[in-house]
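Presented as structure tokens, the chain that follows is alone, the form predicted on its own.
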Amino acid sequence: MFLSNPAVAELEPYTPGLSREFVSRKYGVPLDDVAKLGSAENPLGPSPLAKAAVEAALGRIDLYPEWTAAPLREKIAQTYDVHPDQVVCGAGETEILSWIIRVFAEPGGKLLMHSPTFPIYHLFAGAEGRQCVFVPMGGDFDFHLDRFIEHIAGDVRVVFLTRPHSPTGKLLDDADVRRVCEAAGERLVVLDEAYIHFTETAGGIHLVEDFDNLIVLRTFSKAYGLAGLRIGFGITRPHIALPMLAVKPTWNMGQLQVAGGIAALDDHQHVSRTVSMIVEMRDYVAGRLGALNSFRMIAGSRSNFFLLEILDTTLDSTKVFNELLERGVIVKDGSVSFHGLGHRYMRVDVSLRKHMDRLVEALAEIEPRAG
């Protein structure tokens, strides 16, 4: 076997959330009763405006799209009051992350991130022969920003910040992002705001005007409900956006993605309904989980997921993960999905009330068996 990077043979691939269909077949749970709480998808479905636009664009799928997704870039620029040359579009945020690592960190160059963090950062880095520097979070997953900034040194080339953070859902404020950008100097800072809508804040795109070393990433997969369409974008300065075109697949964004993304940006009603439901259910499930003895929600999530700690030492995340599957509940096992998280935590989506109830009732069934 001939590999440009031998480490690839030993890397574990990303572990996505299981499908409802798989759990229904394996455990005999009716499909409609399966609570899928492991992929942070939109429980209200896709943006209706985007869905209609995709259907209308079906007649154009015989045609190559504009290679930089110019119509979508122009709509994003208009929406966020930037120039189209500041916008890059990819097949989800994850594709853009791969370009960033390839363009802004040389082989052997270092990437700085918190631990735990979104696994795609270090999986892509390992595949490209780059090195990761992990800065552990503090008690109850405090960001320990002073310690994080101390590691912005030497041959660190790219600094990753996730806002809100995955898997905890905790939110860095603008002042902290500014501190990191200032400390980074000529290093690139990647502000990943995939879940920013659920924080009910404007996010950090406005900071691009102040810092020429910052790129802010967004996705259409979450609040817009277009995970299956694969649309992401970044907003930055032109001198950062332009080099990424050299590694971007020529036609990475198809006609349907461009049409759906343009329409979704105008679907404020769908986003508002989604965010309102998530915020309400986040508080609701926090209250219900408070009645359990073996589990606790890590406080402070501002996202559409939260971190659940397993307090009973006779249980671990893999055991609870499997017990939940038998009851038709899909979550993320922290020991599998997040570097440095260990066996005491699971990431759980916020979803419809019936799914939150199913989660809590399943955990309550598991809990007595620990004693």
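Treat the numbers as computed from the prediction; the structure is a model and nothing was measured. One-based numbering along the sequence shown.
In what follows, reference is made to the form predicted in complex with a small molecule, a form of this protein that is not presented.
**Student:** So if I measure heavy atom distances to the small molecule in the predicted bound form, which of the stretches 240-248, 127-135, 193-201, 69-77 falls within 4.5 Å?
**Tutor:** Residues of 193-201 come within 4.5 Å of the partner.
**Student:** Is residue 118 close enough to touch the small molecule in the predicted bound form, meaning at least one heavy atom pair within 4.5 Å?
**Tutor:** Flag for residue 118 set to yes.
**Student:** With the cut-off set at 4.5 Å between non-hydrogen atoms, does residue 219 touch the small molecule in the predicted bound form?
**Tutor:** Although the small molecule is absent here, residue 219 would touch it in the predicted bound form, with heavy atoms inside 4.5 Å.
**Student:** Quick one: is residue 94 in contact with the small molecule in the predicted bound form, heavy atoms, 4.5 Å cut-off?
**Tutor:** Yes, contact at 4.5 Å.
**Student:** Although the partner isn't part of this model, could you tell me whether residue 102 comes within 4.5 Å of the small molecule in the predicted bound form, counting any heavy atom of the residue?
**Tutor:** Close contact is absent here: in the predicted bound form, residue 102 is far from the small molecule, nothing within 4.5 Å, heavy atoms only.
**Student:** Would you mind picking the one in 230, 270, 157, 122 that has a heavy atom within 4.5 Å of the small molecule in the predicted bound form?
**Tutor:** Contact residue from the list: 230.
**Student:** With the small molecule left out of view, choose which of 257, 162, 236, 301 has a non-hydrogen atom within 4.5 angstroms of it in the predicted bound form.
**Tutor:** Contact check passes for 162.
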